[in-house]
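One chain is shown next in structure tokens, namely the form predicted on its own.
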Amino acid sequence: MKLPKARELVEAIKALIVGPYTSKFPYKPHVPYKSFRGQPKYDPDKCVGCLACEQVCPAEAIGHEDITDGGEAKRVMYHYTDTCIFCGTCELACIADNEGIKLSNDWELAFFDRKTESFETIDKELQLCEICGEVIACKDHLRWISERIGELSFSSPTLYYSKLKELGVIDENIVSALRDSGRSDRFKILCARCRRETTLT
């Protein structure tokens, strides 16, 4: 039997006095380092629903579904935690000053039911074209663009009228009455195709 070296004796004495180097999890919650990359999480107040995070996700862990039939039109965005590799690309690509989706320090992500617990969702209200009903963008996204470009938003009727609707200035009865598919259609919230057709008309 080999005798312990002096270094090993010193380490053994330190362990007896100071305690073990490892954390006391699960008896005490583990606190990860500040630079730890945990589960990305949406901030419903800052996310604008632009889908930039979905487009850059290398693991395809982010998806969406646009619901436009019946009731209020909304975009449901999904983040699949069991597929996510926690790379942080979604946070880097977020147009809302990297605040719409951010890496957290959550690391204990075990679950029992994959069908109901392996993802998180966030709902954003959609703006539809007032002629064809196609999806233009999320209302928060249009608001973000208007605030970003400032007074230049007055050159786009879609941005301008979206802002007026938000302020409650536009009377819905007046807008709904202007359905002659002519010049008055220029003053509506339209998708790019309908905007082009009304311009040519």
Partner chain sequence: MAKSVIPIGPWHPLQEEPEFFTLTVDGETVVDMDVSIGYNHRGIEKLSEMKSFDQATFVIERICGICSTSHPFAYTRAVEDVIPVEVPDRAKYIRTIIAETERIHSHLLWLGLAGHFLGYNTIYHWVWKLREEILDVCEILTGNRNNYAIFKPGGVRRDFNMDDIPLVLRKIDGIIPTVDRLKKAILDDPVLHARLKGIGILTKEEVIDYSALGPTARASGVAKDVRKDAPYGAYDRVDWDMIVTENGDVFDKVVVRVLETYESIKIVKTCIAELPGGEIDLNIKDIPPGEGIGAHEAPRGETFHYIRSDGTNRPARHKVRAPTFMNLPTYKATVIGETISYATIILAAIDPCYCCTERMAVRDVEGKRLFGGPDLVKLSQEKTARMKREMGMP
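For clarity, a rigid core is taken as the largest C-alpha set superposing within 1.5 Å between two forms. Fair warning: this is a prediction, and the values are worked out from it, not measured in the lab. Residue numbers count along the first chain shown, from 1.
Another form, the form predicted together with the partner chain, is not on view; read the next lines as being about it.
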In the predicted complex, the residue from L164, L152, V56, V135 with a non-hydrogen atom within 4.5 Å of the partner chain is V56
Only one of 34-42, 138-146, 153-161, 64-72 gets a heavy atom within 4.5 Å of the partner chain in the predicted complex; which is it?
34-42
So, a 4.5 angstroms cut-off on heavy atom distances: do all three of E11, T89 and L92 pass it with respect to the partner chain in the predicted complex?
yes
Hey, in the predicted complex, is I85 touching the partner chain, heavy atoms inside 4.5 Å?
yes
Using the rigid core as the reference frame, would you say K14 shifts its C-alpha by 2 Å or more between the shown form and the other one?
yes
